[in-house]
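Coming up is one lone chain in structure tokens, specifically the form predicted alone.
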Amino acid sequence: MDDAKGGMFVDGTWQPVSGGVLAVIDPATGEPWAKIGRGTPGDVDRAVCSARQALAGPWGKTSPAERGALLMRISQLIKERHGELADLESRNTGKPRRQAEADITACARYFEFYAGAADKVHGETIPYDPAFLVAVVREPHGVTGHILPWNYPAQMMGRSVAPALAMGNACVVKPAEEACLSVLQLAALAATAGLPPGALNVVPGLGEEAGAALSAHPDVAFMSFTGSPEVGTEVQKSCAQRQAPCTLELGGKSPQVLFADADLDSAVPAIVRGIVYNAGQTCSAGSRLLVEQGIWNAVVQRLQQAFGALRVGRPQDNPDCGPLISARQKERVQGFLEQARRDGIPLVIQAALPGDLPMGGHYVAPTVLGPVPPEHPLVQEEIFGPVLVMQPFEHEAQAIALANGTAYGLMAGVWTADGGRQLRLARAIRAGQVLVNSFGAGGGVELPFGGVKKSGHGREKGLAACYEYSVTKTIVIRHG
């Protein structure tokens, strides 16, 4: 892979940053293994200036079809470098190798999808008055800022940047300091594919330094942020200071609602995957399991068997669950588990940790707890680890109340064979996505994704992202 040398990728080249370097910690061992640049507000300003110049130059004059062709070449290069990128993603994030492979495949698919969409987002004409022609066209915002999380750096690069480029924006990306190596390499691949200098810039660094500078920059016309509600609020405040729009995806506490008529052979494996995939560090993780009272014991038995068979281990060994991203995140998850112990929350099952794991690794055993009271922090707060909390319900109305009983509203799963109930629950649950008799991390690239309530606002993925990354202009022509 190309050598970032602790710098940033701006104006189509590797450049040094002003703030020195930061150590990159291997989640599997707790040891440093690489370095990234510590970007400063000045570095962010250089990146934004480069993006503005790109819009005033060749990139701003590129047709939608040409943008699509460029994105398709980026997708192809990602596929050609798939193995190297997956190795980097696995080591940097601690996720099992096959999960990192899936992430790189998804990243390539984002660029492929938006390559096809670039020249297919059309305007409209409005029948207004015989003496007028009224056209509504879509134009790019201009410079767009993208603050990415550490749990899916490569995927989020594709999800956020590909639609922005497809619509003709110039991007400045601040990836998470914990995991950003793949993002830097993807920017270099984009330049290799022929993306004009300045169209895509990546400035690594700390959130409170580079991230804050990006969200507050007066020349950033639109912001995309994925992360915690607390930081998202600060991003939104910065945007509000200059009346700039933003898309916020701020996590979730997604329920899986399991009725007595559900196919448990299909449901239970999906429920397990929904909480242990990426060690539970997924905004859309199915972290709450609502179980109809009559099948509670049967579900507990199945979960005990499934969690008892889980393999926790090093990313290169392709376990079911790898380490958490950092010591801080491990401490956070363990704090919730300790609170559960203090409060007398029943332990349903806790997977075993192998004795040969590196002592400094950030491993937490996948755990199931329940029943948990509705008001308990385990139910109300996003743990962001492999911890599943169970709650019983007696009837449909109670299930809906429990499902809607948190401040979040990102995703939900409903498991039932009753077609009427499927539709009732899908409509009644307050969430950006409701999946019936299935569950996954937000579904496919084509499906609009985002939350309500504390989970944020705006939509990514699908054609909805193209609308987010563009603005309408109404042109009125009086022709007599």
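Residue indices: 1-based, along the sequence shown. The shown structure was predicted, so the numbers you read here are calculated from the model rather than taken from an experiment.
Just so you know, the form predicted in complex with a small molecule exists too; it's not on screen, but the next bit is about it.
- Stretch-level contact check against the small molecule in the predicted bound form with heavy atoms at 4.5 Å: of 201-209, 358-366, 264-272, 313-321, the positive one is 201-209.
- Exactly one listed residue, out of 171, 190, 78, 148, brings a non-hydrogen atom to within 4.5 Å of the small molecule in the predicted bound form: 148.
- Only one of 328, 395, 237, 341 lies close to the small molecule in the predicted bound form, with a heavy atom inside 4.5 Å, and it is 328.
- Not one of 87, 100 and 155 places a heavy atom within 4.5 Å of the small molecule in the predicted bound form.
- For residue 228, a non-hydrogen atom is located within 4.5 Å of the small molecule in the predicted bound form, even though that partner is not displayed.
- The shortest heavy atom separation between residue 283 and the small molecule in the predicted bound form is within 4.5 Å.
- Within 4.5 Å of any heavy atom of the small molecule in the predicted bound form lies no heavy atom of residue 292.
- For the chain shown alone, residue 95 is not a contact residue for the small molecule in the predicted bound form, no non-hydrogen atom being within 4.5 angstroms.
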